[in-house]
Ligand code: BGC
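Single chain ahead, by itself, as structure tokens, in the form predicted alone.
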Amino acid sequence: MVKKQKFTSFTLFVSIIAAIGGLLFGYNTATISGAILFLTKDFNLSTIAQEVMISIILVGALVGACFGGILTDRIGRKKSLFITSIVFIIGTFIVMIAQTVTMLFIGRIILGLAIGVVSLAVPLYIAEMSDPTHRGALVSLNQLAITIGILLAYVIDYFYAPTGEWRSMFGVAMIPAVLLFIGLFFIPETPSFLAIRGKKDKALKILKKIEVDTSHSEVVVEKGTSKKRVSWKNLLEKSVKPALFAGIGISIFQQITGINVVIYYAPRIFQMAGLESATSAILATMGVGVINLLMTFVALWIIDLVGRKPLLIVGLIGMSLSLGVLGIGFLQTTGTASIISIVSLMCYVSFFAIGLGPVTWLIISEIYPMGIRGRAMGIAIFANWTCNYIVSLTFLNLVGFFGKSGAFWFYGVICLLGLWFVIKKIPETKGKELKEIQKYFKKAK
């Protein structure tokens, strides 16, 4: 353990700038939930076409996550974010002017590429710019930004729902994309990456600026770090395998417990429960977004106080129970079905927002060695997006196979499996130096 360190306004500033990438992540993945209702009418989309329209952004995210780790380790965390901001701008422009389904698909794949990169680059950047005492809250700014983006998407969808202006729903994302591009001119590269590139003096200057205890920093401890040490074979080292397994596992469970079924299909779920009009379904979805945001604030406040593992445990238990109640609600034939669905979905999202939501991104940014951190995170997040894609692509068919109740009970059982995994495989990382966390996995090999 290291002593409590001072929190600086500079650290907060650079973290907020980077977290704009998280906002773009949330907005671009969630805005389709409202837009799809109008795209279906304008382009006469079949059920399969709707699933592809929603999930195709995840194909891009898969590729982005796959190459994002290599990119961040080769050119740096900051330059990767620069490139990604430009890709966001291009993708948003294409979906805004799209006249055909093909153009929409292309634009959403491009946006997916950017989302895949920021999903690892943002928490990685913030983690390497934070001190151990405040790292949990600062990295969780990324999840907070994602929830803000999701809520903003729901608000914008609701605003344009009466006119069905789906182009405007997509187009609002241009504003934060430009802000991210501009903001990146005012923040530095991370000390860890600079140290990897042999620029240790510059790295130490940045550490002093954010008032990190340099006597314990991995930049100093990891002596001899160089480009030669950054290779794929390092991922196969016995000391890294337990961490890699833990990161991949928690990333998978974040998705297969069903959160993005709610994010992408919330209006459709509420329509299944009896809220027939698009406007009322989107309004109910906004309520879910508000709860998601508020509970993420709670997580931000307590994550460095109670720790990562307790939040994961409580969150998964709550998610499983909420999904069980949601399934029961769909068995009702009276008007209470819509009330039960709204309340249980809000509870489900609340427990996700204090557990798997922020803690997953934090864990995978903490547990890997400095020289291969980007690539290791890339593998974990590739697994995350793969499962995200599978879940989003199969939801409507899953409902057709198991029924509405059975589908959500299925996700509830997966939450219980995730609970077992967390108890057995995920260590507590609260207040520990990144170097200290890696020592735990060396002992666990």
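Residue numbers here begin at 1 and follow the sequence given. Model, not experiment: these values are computed from the prediction.
Form predicted together with this ligand: not shown, discussed below.
Trainee: Can you confirm whether Gln143, Trp361 and Asn384, the three residues that make up this candidate site, all sit within 4.5 Å of this ligand in the model of the complex, judged by heavy atoms?
Mentor: Looking in the model of the complex, the three residues Gln143, Trp361 and Asn384 all sit within 4.5 Å of this ligand (heavy atoms).
Trainee: Tell me the stretch among 253-261, 160-168, 99-107, 200-208 that has any heavy atom within 4.5 angstroms of this ligand in the model of the complex.
Mentor: Of the options given, it is 253-261.
Trainee: Only one of Asn292, Thr190, Thr285, Thr84 gets a heavy atom within 4.5 Å of this ligand in the model of the complex. Which one?
Mentor: None of the other options qualify; the answer is Asn292.
Trainee: Please identify the residue among Tyr368, Phe352, Tyr125, Phe88 with any heavy atom within 4.5 Å of this ligand in the model of the complex.
Mentor: None of the others qualify; the residue that does is Phe352.
Trainee: Indicate whether Ser80 is a 4.5 Å heavy atom neighbour of this ligand in the model of the complex.
Mentor: No - in the model of the complex, heavy atoms of Ser80 and this ligand never come within 4.5 Å of each other.
Trainee: So in the model of the complex, does Gly357 come within 4.5 Å of this ligand, heavy atom to heavy atom?
Mentor: Heavy-atom contact with this ligand at 4.5 Å: present for Gly357.
Trainee: I'd like to know whether Thr147 contacts this ligand in the model of the complex, with contact meaning heavy atoms within 4.5 angstroms.
Mentor: Close contact exists here: in the model of the complex, Thr147 approaches this ligand to within 4.5 Å, heavy atoms only.
Trainee: Check whether Asn388 has any heavy atom within 4.5 Å of a heavy atom of this ligand in the model of the complex, and answer yes or no.
Mentor: Yes, Asn388 sits close enough to this ligand in the model of the complex that at least one of its heavy atoms falls within 4.5 Å.
Trainee: Could you list which residues of 19-33 come within 4.5 Å of this ligand in the model of the complex, counting heavy atoms only?
Mentor: The one in contact is Phe25.
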